[in-house]
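Shown here is one chain on its own, the form predicted alone, set out as structure tokens.
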Amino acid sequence: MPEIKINIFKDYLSGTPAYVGGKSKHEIFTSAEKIYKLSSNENALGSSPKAIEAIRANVHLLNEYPDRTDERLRQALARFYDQKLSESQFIATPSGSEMIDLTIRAFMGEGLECIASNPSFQPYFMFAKNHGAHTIDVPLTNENYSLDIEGILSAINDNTRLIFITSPNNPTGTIVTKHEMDYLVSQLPDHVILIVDEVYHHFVNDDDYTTALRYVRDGNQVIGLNSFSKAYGLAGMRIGYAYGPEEIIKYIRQLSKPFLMNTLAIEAAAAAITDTDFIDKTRSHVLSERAYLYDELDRLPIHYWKSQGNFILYKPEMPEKDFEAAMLQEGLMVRPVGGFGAPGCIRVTIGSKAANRAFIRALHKILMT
């Protein structure tokens, strides 16, 4: 009898590209004496001191299993939000990316669709494909990378379940205004949930900005997505959270596994969220250094976009990979974002004062030669 071969692989997984994150310092090679990592939007001031203290105080517990659920962290989040939301409206996960995947798992499947807008964070597209779903790209419009609200609304059909918007957006640094958000939320059909990725909201100084909180409190089908990686300086701990309508969050929580988050991450996040002094210092640093960089960049022949995040998007007059290599020779790690849907562009984190001044010196050298 002829051999019967049964294909047990899912076709839609075969062509899904892996998300390629920014490199660590250990992965790069340069002759420069000092390396400044400006490629991953990490906190230039380090980590929350309260989080570090909590980690040290709980290291002796590593032989024991962590909390079975995220309940203690949810309680801490409810206190942080001044009880404007109940603890049952929060869910914590090992990173914001994990929350994106969890939400897609909860609502997406073969034949279903979500909407995102390039340039953007690519897991919206990748994770949906991993579950047999399709992401409709409604690109940001014009040179200012504005959200195409009418384009998004026109793309909604009976198969649409989720809409992802990021504000401030990665990698452009642009925001969705209150008026735009009000209009978008008011037009959404009942079968669609809006996910507002607001992980960079601590760095916004535009009065026309809004988070998802007001829409969640008003009972809309909106989820706010957050992370402890950026402002709190806990990227290495991998912890994030979301908030939304109780019924929706309860539904998503059914997918959570027991002992999902490690002990140190739980303790660090619960402590960090109370560290208002560190957040104030981080925000002040980013805003002042962002202003410094704008002043310097305005004197140079390079196109850039003013940002509401802790990073700035640039378009140098040379191929992005060549620019990355030239910067690396000067000891600066930067991030090409062609893979984010912004070909020819480079995203650079607002780093320490020393790092930002080294970046400006390198720019002078590279652009003027």
Ligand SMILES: Cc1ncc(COP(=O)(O)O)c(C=O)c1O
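Residue indices: 1-based, along the sequence shown. In this text the structure is predicted, and so the values were computed from the model without any measurement.
This protein has a second form, the form predicted together with this ligand, left out of what is shown; the following refers to that one.
Residues placing heavy atoms within 4.5 Å of this ligand in the predicted complex fall in a single listed stretch, namely 94 to 102, out of 262 to 270, 143 to 151, 94 to 102, 245 to 253. Of the residues Asn170, Thr282, Thr135, Thr210, just one reaches this ligand in the predicted complex with a heavy atom at 4.5 Å or closer; this is Asn170.
Comment: this ligand is not present in this chain, but in the predicted complex one of Val199, Ile115, Met181, Val192 has a heavy atom within 4.5 Å of it, namely Val199.
Ser229 belongs to the set of residues with a heavy atom inside 4.5 Å of this ligand in the predicted complex. Interface residue remark: Phe164 is not counted as part of the site for this ligand in the predicted complex, having no heavy atom within 4.5 Å. Although the partner is absent from this view, Tyr215 stays clear of this ligand in the predicted complex, with no non-hydrogen atom inside 4.5 angstroms.
This ligand in the predicted complex is not approached by His131, whose heavy atoms all lie more than 4.5 angstroms from it.
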